[in-house]
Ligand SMILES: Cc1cc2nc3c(=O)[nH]c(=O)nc-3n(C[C@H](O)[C@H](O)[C@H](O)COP(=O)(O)OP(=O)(O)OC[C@H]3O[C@@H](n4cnc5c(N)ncnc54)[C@H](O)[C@@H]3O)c2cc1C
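The chain below stands alone and is given in structure tokens; this is the form predicted alone.
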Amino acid sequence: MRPKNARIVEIVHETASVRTLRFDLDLDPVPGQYLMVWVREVDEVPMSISYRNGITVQLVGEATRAIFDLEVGDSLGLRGPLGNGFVLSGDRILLVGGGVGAAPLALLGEAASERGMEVSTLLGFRCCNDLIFRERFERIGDLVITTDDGSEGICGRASAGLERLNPRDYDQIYLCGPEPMMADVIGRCRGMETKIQASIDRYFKCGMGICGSCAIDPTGIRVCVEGPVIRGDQLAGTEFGRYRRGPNGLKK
């Protein structure tokens, strides 16, 4: 798939280290799908889709630094949407996000609300200054927030918010965020693994299932093709939440 040229029409500074870029293209995504974003002369990296025409980027390395240097009117190359997104099911759902993992869940929650589903959301952040998309989630249903330092909402990690929610009250649970956080939530919802869908962020080289850099041991599930959304029962007994592989193929 050749990249499409996408011109930036809006840049929103969500936090000091997170920005949303909106393009002159309707990406027509299934919530949970991703794009391979080509930053010319720098790198091509995977990005979650946070709007029908936009992505939300966290500053973490060379490619994202180059994206942060772009202005309205500049352009990027986009391949996608790619992979398998979330599957909406049931009447009452719970979204659980950590950090910038809230971005694809916001798009999912809006789609669920449009279908008449009852949506509750649990979001975890390091501190109050890291909150993103609060208003989007409040518009679609109940919102519980946790912060590691207690500066907003419940003090603790995202899983601490489960004490205010009964996971068994929901027909489906959708996760996106750091792997240890998602593994912790899955572990606290034993017996419900088939009702959990987790969006996984891994290092991708190709986005086509060729290189294997994103594969999950020992099943060989390729996050870029079979994912990035994987059902909870498919992650049981794997290395999910314990380690993954970096650009050199070594565990980290």
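Quick note: we count residues from 1 along the sequence shown, nothing fancier. In this text, all values refer to a predicted model and were calculated from it rather than measured experimentally.
There is another form of this protein, the form predicted together with the named molecule, and it is not shown here; the text below is about that form.
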Does at least one non-hydrogen atom of Lys252 fall within 4.5 angstroms of the named molecule in the model of the complex?
yes
Considering non-hydrogen atoms and a 4.5 Å limit, does the named molecule approach Val57 in the model of the complex?
yes
Should Gly61 be classed as touching the named molecule in the model of the complex when contacts are defined as heavy atoms within 4.5 Å?
yes
Quick check on Val100: any heavy atom within 4.5 Å of the named molecule in the model of the complex?
yes
Name the single residue among Met47, Ala183, Ile196, Ala215 that comes within 4.5 Å of the named molecule in the model of the complex, judging by heavy atoms.
Met47
Contact check, 176 to 205 vs the named molecule in the model of the complex, heavy atom within 4.5 Å, ordered by sequence, gives Ile200, Asp201, Arg202, Tyr203, Phe204
